[in-house]
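As a starting point, one isolated chain is supplied in structure tokens, in the form predicted alone.
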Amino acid sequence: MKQLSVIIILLLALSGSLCLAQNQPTIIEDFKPSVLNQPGQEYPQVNSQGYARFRIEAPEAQSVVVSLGLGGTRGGTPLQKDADGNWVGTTAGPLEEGFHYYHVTVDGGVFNDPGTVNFYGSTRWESGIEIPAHDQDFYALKDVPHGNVVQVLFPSESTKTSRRAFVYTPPDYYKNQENRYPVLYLQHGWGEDETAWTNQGRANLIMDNLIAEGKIKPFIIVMTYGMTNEIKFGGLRDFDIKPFQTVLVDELIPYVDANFRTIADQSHRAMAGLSMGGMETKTITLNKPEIFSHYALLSGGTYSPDDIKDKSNVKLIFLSCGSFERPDGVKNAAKALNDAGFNAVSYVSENTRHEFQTWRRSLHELAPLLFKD
């Protein structure tokens, strides 16, 4: 009887293993180098299913793990050492479409992958990998007229230094010298800086393509550091908006209006931000309603009708997030605002989380709604 019980248990275990194996998808071996790789580098690679494969040369190492997501929040992929001393491994499952941060832990030390380009996130330079998206055409580099992204250094008396901003100007900015343009002030999230929206977010290419398609009225975008990284991740309640508000409202905006051909009034000025940049946007737009008329929070919270004292100051409120975030909150907030007489729009990015594919899509949806007559 005992022998029969052992046989049954073994058969059940084998049956379970076979079922698990049948449920595991077969990985298609059509891997290609990521589009973000350094010139001539074969790894990391991605395949048509969204799996990522890594190879790290570390012949003396005892352990190599690839950690994905901002700060490694998306889990680790242990690599295995091959006969040549290279550590190779494939993610356990497909990654979601779009951009992902990652870093490599070698024997306890954190490093970047030398095979790929670095991007500023998690308050440090991280490696980046791109999983091709089904809708990537809207941020693709195309043969269309391109705008310029220029670095400016503006004086900041409040911080006793010169601060940096990046300014996107539309393709016709230098050709039509008499034209003046509305301005969107666009903020990054915690752990990132003023390079994020063009490097990770492809904001300039999104704008170029929309302008080429005739879908938007051209405008300028200004991106500067939000002074957010001095607090630890999760310490949002300790962030004091006043120093950044002074830099933005009293120093950067006057500089941009003096040095670029802007339409320098409230009705032609917008502010938007992702994640913590959304928190900054909400706070500053409510504190300074005379400065901005278009508000946008991208995975950055919501407004309620009671937040806004003078409805006439606000031309647009745009709220967005990924479908794996809190879409009902965004939709319900937009409905409440519309019911109260505001021009409010909600957008939910399907099958994305708190990540740049959500925010790329959000900017693509937001831009045509801005500065409409």
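The structure displayed is predicted, hence computed values, not measured ones. Don't overthink the numbering: it's just position in the shown sequence, from 1.
Keep in mind that the form predicted together with a further copy of the same chain is not shown, yet the notes after this line are about it.
Contact check for residue 58: a heavy atom falls within 4.5 Å of a further copy of the same chain in the model of the complex. Residue contact check for residue 118: one or more of its heavy atoms lie within 4.5 Å of a further copy of the same chain in the model of the complex. Within this chain, residue 255 lines the site of a further copy of the same chain in the model of the complex, having a heavy atom no more than 4.5 Å away.
Taking non-hydrogen atoms only, residue 114 approaches a further copy of the same chain to within 4.5 angstroms in the model of the complex. When contacts are defined as a non-hydrogen atom within 4.5 Å, all of 109, 153 and 177 contact a further copy of the same chain in the model of the complex. Stretch-level contact analysis of 90 to 98, 282 to 290, 169 to 177, 209 to 217 against a further copy of the same chain in the model of the complex, using heavy atoms and a 4.5 Å limit, identifies 169 to 177.
This chain is drawn without a further copy of the same chain; in the model of the complex, the residue among 332, 48, 38, 323 with a heavy atom within 4.5 Å of it is 38. The listed set 159, 80, 259, 267 contains one residue whose heavy atoms approach a further copy of the same chain in the model of the complex to within 4.5 Å, identified as 259. Contacts between stretch 194 to 229 and a further copy of the same chain, counted in the model of the complex as any heavy atom lying within 4.5 Å, involve 204, 205, listed in sequence order.
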